[in-house]
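Shown next are two forms of a single protein chain, provided one at a time as structure tokens under the names structure 1 and structure 2.
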Structure 1
Amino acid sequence: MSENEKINCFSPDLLEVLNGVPHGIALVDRDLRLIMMNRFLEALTGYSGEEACGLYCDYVLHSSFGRNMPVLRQAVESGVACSGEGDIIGLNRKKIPMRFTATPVVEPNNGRQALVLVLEDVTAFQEIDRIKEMGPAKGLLGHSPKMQEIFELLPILAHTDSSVLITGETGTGKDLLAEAVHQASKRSKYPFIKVNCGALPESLLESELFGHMRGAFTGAHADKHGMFQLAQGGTIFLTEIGDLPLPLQVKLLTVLDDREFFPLGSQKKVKVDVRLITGTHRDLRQLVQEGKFREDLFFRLNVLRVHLPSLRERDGDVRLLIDHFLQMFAASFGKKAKRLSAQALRLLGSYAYPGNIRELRNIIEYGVNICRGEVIEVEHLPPYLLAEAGKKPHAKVVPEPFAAGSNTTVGEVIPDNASSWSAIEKKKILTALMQTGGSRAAAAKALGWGRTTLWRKMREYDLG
């Protein structure tokens, strides 16, 4: 069969289907010669299907596998589908990581065996794996299911350049998440700039964001770059975006659409390449209905949305964060404080934290500063906590001793809604993981358990 006959033996419908697949596809004979390629592979290699027909695969597909391409040879010899990963040199002379999958089929008309070779670009998957290997976001801690969802979403947010809207109550860590997304992205080597839209009046905020020229207003004695220019190539995080005045909302929308703007007092446009992340504790949809926020801007900002849960919704994370802040401030201030008393933990465990993580951080910082010994007592905590405690039921404290031969610490705290032994074990596991930096082997040793026991209990309590 001639090369043209080989190509013509495929129905136009089949070729059209293959051309619509967003992966490189080729049909290869048993001698590893190309029979046909789809349009995606033609664009990747620079060869047309007619030019490539009859040529050996390794002549057209310049891959890291070298001659004979073992994936193809293995599929021919075994008669089953085989796959492997390697690089291919594209038309632009750049390496592209690919997954090669060769599947044996029967060649049309003559019944001979052939191979379907599929090339899938895995660049995105490799980048996501790299981000996952970086571990939890810096400054963001949590074992609760809701926080685990945030950590799993982080690689996706970091891999794209789309706008991100982070919502959540004040003090939940929106700025930490925004910076974590930046640090995990390809823009990490460029600046991360944070601007609070509610901290400045409109006239100053416009200059802060977009800069100004000398003489643009009273006091403008020199040209000044705005935050968008300073963030060139990187990420700008506009927190409290719901407080942005309407006139500036129009200008921000223009920047998002055109990637350029006029600084105050200038007639020359400035081009910028920045990624925008915004944050707010307000309901932007409600603001749109009230005419206080532009609907078109809301849609431009709300491409990817992440909601950070309040501390009240993060089951088990309060104790984890207490231990983290205690260690951090004790080391930073050179203090002796090593732990909180049972009564202090009970008080903190029953508090609602309207200020969320920021408030908890401030409480522990206060206690570390006030305490002169190793144990932070109730009297070392901010006085307003005692007033709040008088308005609601307290948590329970396990009396000493709890159980003979158990690993329970004397005075272990049990929240009102979790008075079971399971709740105690779960809290002990979280504390051990925190103290050992997440090492399961070290945590199991600290608890006096085998690694299998710890693994089984973590699965039982849905701790990952």
Structure 2
Amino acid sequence: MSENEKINCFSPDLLEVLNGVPHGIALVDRDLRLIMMNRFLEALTGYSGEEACGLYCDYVLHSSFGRNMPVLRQAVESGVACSGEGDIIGLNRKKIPMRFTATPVVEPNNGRQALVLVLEDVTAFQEIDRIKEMGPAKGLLGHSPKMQEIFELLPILAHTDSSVLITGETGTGKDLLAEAVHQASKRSKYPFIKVNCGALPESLLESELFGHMRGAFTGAHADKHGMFQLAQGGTIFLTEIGDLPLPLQVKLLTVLDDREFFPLGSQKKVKVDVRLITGTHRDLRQLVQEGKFREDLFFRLNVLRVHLPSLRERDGDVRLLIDHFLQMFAASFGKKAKRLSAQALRLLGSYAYPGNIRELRNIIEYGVNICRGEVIEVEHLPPYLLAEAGKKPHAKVVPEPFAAGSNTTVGEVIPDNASSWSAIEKKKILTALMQTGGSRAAAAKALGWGRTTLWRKMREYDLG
């Protein structure tokens, strides 16, 4: 049978149907020579079905399987459909991962066995698998169902370029999630820039975001690139977007729509290719109703929305995070602390964590620093926890043994809230100095430090 006869033995209708399928489809004979291929495969390989007819299919496909394409051989020998993964080098010299599925069929007219080979581009699936293999993003921990949902969502967020709005209470890890999305995305080799919209006054924030030209305002001695320009090709994370002043909201909206803007004092437009991720602990919908946030910008930002659960909602994650932070701080500070006592764990388990993970982290940092042994006891935890556990309605359980009183040591201070170790240490120094009437030697002794250590720490905390 000639090659043309081979092609003609398939009805034009069937070829038309195969041409409409968005996968590469080829018909090959028992010797793995091409009989025909659909338009998709023609475009992929750059050869026309007519000129490629009669050639070994691995030559036409430039596949990784070699001449005896095992998937096809297996299908020929077993008489059942077989599939396998490999790759081909396409017309544009790109290696494309493919799933090859070979199904034995009988050629119409002559009744000879042939194979229908379907090539499915699995680039997207492999990319998602790669991201999944990377595991939960660095710093993002959690076994709770709510966090698992976030982890499952992460590859999807990373695979697209759409705007992401991350909401959640303070300390829930919005920054970490934004960075994780960036790291898992194709923009990961470009910069990830974080800007806190609530940290700067309006005029400075505009210059910070969009840059300025020399002489644009008093003090603008030189041209300055804005964060949008610095993030070129990468991701910009605008945290506390709810605090963005209204005039800047307009400018941001323009940037999102046009992908270009005028830096302050410039008459030349700057084009940017930046992915935007925003974060806020505020209810943007309510801000829109109050007229404090533009509705159009809200809709523009709220394309993909992720809500990070508070620590109270993350069943079982408190213990996981405790262990993680304990190991991290003990290793980092060279401390002996290895575990928490059962009572301390009960206390931490019953606390509501209004400051979420940031607060838990600070509590463990405090405990690791205060504890001199291997077991962190209740008295090594910030005393406010006991007071809170006794009075706060949101505390789940108040353990009996800790409901009254605490074993705070002399000179120990009670932080107002979850402050950092530096703030606690500063307060300890101040308290010790007050208790010793300003005597540095006595204060150093009370704190268990040498005078030099006290002097160094006072300088560090600007108490000199």
Partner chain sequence: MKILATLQNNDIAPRFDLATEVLIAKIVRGKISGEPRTVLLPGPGSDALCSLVIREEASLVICGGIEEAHFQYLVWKKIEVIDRVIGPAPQAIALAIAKQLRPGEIVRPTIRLETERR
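All residue numbers here refer to structure 1's sequence, counted from 1. Note that the rigid core is defined as the largest set of C-alphas that superpose within 1.5 Å between two forms. Keep in mind the model is a prediction, meaning the values are calculated, not measured.
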query: Structure, 1 versus 2, that is the form predicted together with its partner chain; finding: 2
query: Threshold 2 Å Cα movement between structure 1 and structure 2 at Ala75, rigid core reference; finding: yes
query: Is_shifted Leu209 between structure 1 and structure 2 (CA, 2 Å cut-off, rigid core); finding: no
query: Core-aligned C-alpha movement of Phe100 between structure 1 and structure 2, 2 Å or more; finding: yes
query: Once the two forms are fitted on their core, CA shift of Leu32 between structure 1 and structure 2 in Å; finding: 9.6
query: Cα displacement of Gly86 between structure 1 and structure 2, once the rigid core is superposed (Å); finding: 5.0
